[in-house]
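Shown here is one chain on its own, the form predicted alone, set out as structure tokens.
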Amino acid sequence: MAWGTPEPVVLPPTGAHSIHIRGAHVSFDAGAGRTGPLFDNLEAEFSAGVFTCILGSSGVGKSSLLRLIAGLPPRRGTASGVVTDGDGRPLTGRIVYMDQRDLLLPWMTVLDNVLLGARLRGEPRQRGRALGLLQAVGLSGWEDARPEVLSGGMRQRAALARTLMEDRPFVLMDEPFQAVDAITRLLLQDLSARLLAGRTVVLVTHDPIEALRIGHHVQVLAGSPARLDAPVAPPGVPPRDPADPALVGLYRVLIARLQQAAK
């Protein structure tokens, strides 16, 4: 794979704003496998232009939190609350959401999937920029392929390229690198940290080292109902060296928080 050549167009910052969640309540339907509310009067804020990574045990509500911010209903249940930017405006039309699933349309080529947002909005399709992003995620030569012939990791890279195509100030990403090998994971982390600089990003991951590499803030979601703890702020500018002793120390802090949350 030829990574990063030609260099993709860097997404320009578009006036990043903070995300405010007020009075959020999410509960599941009967039979969903748990009792009690997932969130109850949840209050949270994600700082403007900051890359925030969310950790937490499986089922605690990380994906539901992203869906709440995106204005999507929970997969099983009901939700209420208010999500705005720092000026009190809704995020509608200014947000891009990358699901855990790649959600590629099987009847479209890889390139057309990356250009899907512009097509749905009736906007000009920036083919050159899309090709640059596919090159950057290691999919050069696969532009005309259908998703069915791609591996799981390749499909996820195509979904990442589609997300990066969307020129939005708010970016939500749910385990965006989970299906790729270790080296590709590092490369995609680096690419995302660079291209999303200046955006307000909330990324869900199960990997504390990943969070410490690319996050300005790292928070643990825990409890029932779930709450976010105080953010950990790794030193330096993302993407960071995972072998940095400072990150190793913060890794221990995050593991201790996760272990405490699991009790």
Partner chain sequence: MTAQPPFSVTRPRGMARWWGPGLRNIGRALVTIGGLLLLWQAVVWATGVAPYILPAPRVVAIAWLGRPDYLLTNAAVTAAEMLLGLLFGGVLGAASAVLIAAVAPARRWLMPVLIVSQAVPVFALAPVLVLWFGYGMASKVVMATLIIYFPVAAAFLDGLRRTEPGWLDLAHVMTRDRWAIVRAVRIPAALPALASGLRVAAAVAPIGAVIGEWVGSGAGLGFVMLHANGRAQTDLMFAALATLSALALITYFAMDWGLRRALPWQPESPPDDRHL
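Residue numbers count along the first chain shown, from 1. Predicted model only: the values in this text are computed from it and were never measured.
Keep in mind the form predicted in complex with its partner chain is missing from the figure; the text below concerns it.
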- prompt: For Leu186, is any heavy atom within 4.5 Å of its partner chain in the predicted complex, or not?
  reply: no
message: Within 4.5 Å, heavy atoms only: does Thr78 come near its partner chain in the predicted complex?
response: no
message: So in the predicted complex, is its partner chain close enough to Arg101 to count as touching (4.5 Å, heavy atoms)?
response: yes
task: Would you please decide whether Pro106 lies within 4.5 angstroms of its partner chain in the predicted complex, comparing each non-hydrogen atom pair?
output: yes
statement: The one option of Asp144, Glu148, Asp87, Asp181 with any heavy atom within 4.5 Å of its partner chain in the predicted complex is Glu148
field: in the predicted complex, the residue from Val83, Ala193, Leu131, Leu116 that sits within 4.5 Å of its partner chain by heavy atoms
entry: Leu116
message: Within 4.5 Å of its partner chain in the predicted complex - does that hold for a heavy atom of every one of Leu38, Ser58 and Lys62?
response: no
query: When its partner chain is placed as it is in the predicted complex, which of 62-70, 193-201, 206-214, 222-230 ends up with heavy atoms within 4.5 Å of it?
result: 62-70
- prompt: Which residues from 84-104 come close to its partner chain in the predicted complex, meaning a heavy atom within 4.5 Å?
  reply: Thr92, Ile95, Val96, Tyr97, Arg101, Leu103, Leu104
